[in-house]
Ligand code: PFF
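Shown here is one chain on its own, the form predicted on its own, set out as structure tokens.
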């Protein structure tokens, strides 16, 4: 595909859109797609969030429930999103309009595509700022700034960082420039080359850090904590957390996987690719746990330290370990690599939509999108310092009491809540509903090209199981589950 946006005519209802991909770049192989989709899925959620929510929910039993949720929610919806993307061969908005017309439904389904484009745009605006924190920690760790510090000292380093808007803007700008530089180069020249190098390097860093964790003397304790299920520690909140993270970790509902699917060659097995991506994404999360928990236990720290585990607890540990400066630096390089591969996919739906809509080059579209994301990111930057006192509180008053949805939420908190708790679950639910209930079965069978038995299993999961579980995740995030449990006295 040339640098300018390609114009691909819509196909008649009796033609398969995947055959009309002339002029559209495709991934060079199934493995490259798997690396790209894994890169999209693997991010801060795997290396930052998964270990701490595992710690908060008791370890092995949570991991087992999480794996079951990946199989029943993640893989079926991922297959559906890739299928829609490949059949449409466009940006998410155009794809959903085209597929809705093909199956005789309202073009209003284009709103699903819009929600994905906007969600990815908003997520990148704050994701870039958080990734900037990880970048800022690399020179600090490498210079030995954490050596010998106590908990108060480590906390002071973090507080000093986030309270300085100029420094946060600088790192936000650098990370976003890195992201847009890759996106501007296109599928083969940018996205494909980036993941071909970054993903293997990410796994190399993970292996090096696991070897370091083995040397802590607490590796077996970490493995026991991570893989030995103790179901007495599982609560309803833990199950809901596992369901929610299983959905979010695969980057579903934001249009990224749909766009990546639009670049997928027609002969590639969607089922095999989806299972491979889910496996590799889960593997990275488990490897991160195998690194983090031995280090935590070696320093007599709490595995349930919460969101501060990466930026406060681990730097404290590295500051008191042999070769902690070296391996702490490698850890934050790993974190930046993971964030980089995810950020590339977050903006790709907006880029493909902008190219087609305005008929301008990918480079120009990337520059314009990058500027808008950068400006939106300032809301997150300032929410940690200049505007930290500007907050939103949202409550619902009932005869059973007052239920808080958002309390003292900054701009960052609000954006995170809007995207993670509302837009992405709704996007995933709509994908499951469309693929399972509205898309003609002959089309989904043709795209998936799997055995009758596997198709029946996928259809059951995507029509009944996955939507129900996503609805529960959505209602839990909205506070409805807690409201119902309070009423029932559970």
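Numbering follows the first chain given and starts at 1. These numbers come from a predicted model, not from an experiment.
The same protein has a further form, the form predicted together with the named molecule, not shown here; the description that follows concerns it.
With the named molecule omitted here, the record of contacts in the predicted complex names 340-348 of 139-147, 174-182, 212-220, 340-348, defined by a heavy atom within 4.5 Å.
Of the residues 96, 78, 256, 292, just one reaches the named molecule in the predicted complex with a heavy atom at 4.5 Å or closer; this is 256. Interface residue among 461, 32, 430, 44 relative to the named molecule in the predicted complex, by the heavy atom within 4.5 Å criterion: 44. Taking the partner from elsewhere, residue 311 is found to have every heavy atom lying beyond 4.5 Å of the named molecule in the predicted complex.
With a 4.5 Å cutoff on heavy atoms, residue 262 does not count as touching the named molecule in the predicted complex; it lies far away. Interface membership of residue 249, defined by any non-hydrogen atom within 4.5 Å of the named molecule in the predicted complex, is confirmed. With a 4.5 Å cutoff on heavy atoms, residue 127 counts as touching the named molecule in the predicted complex.
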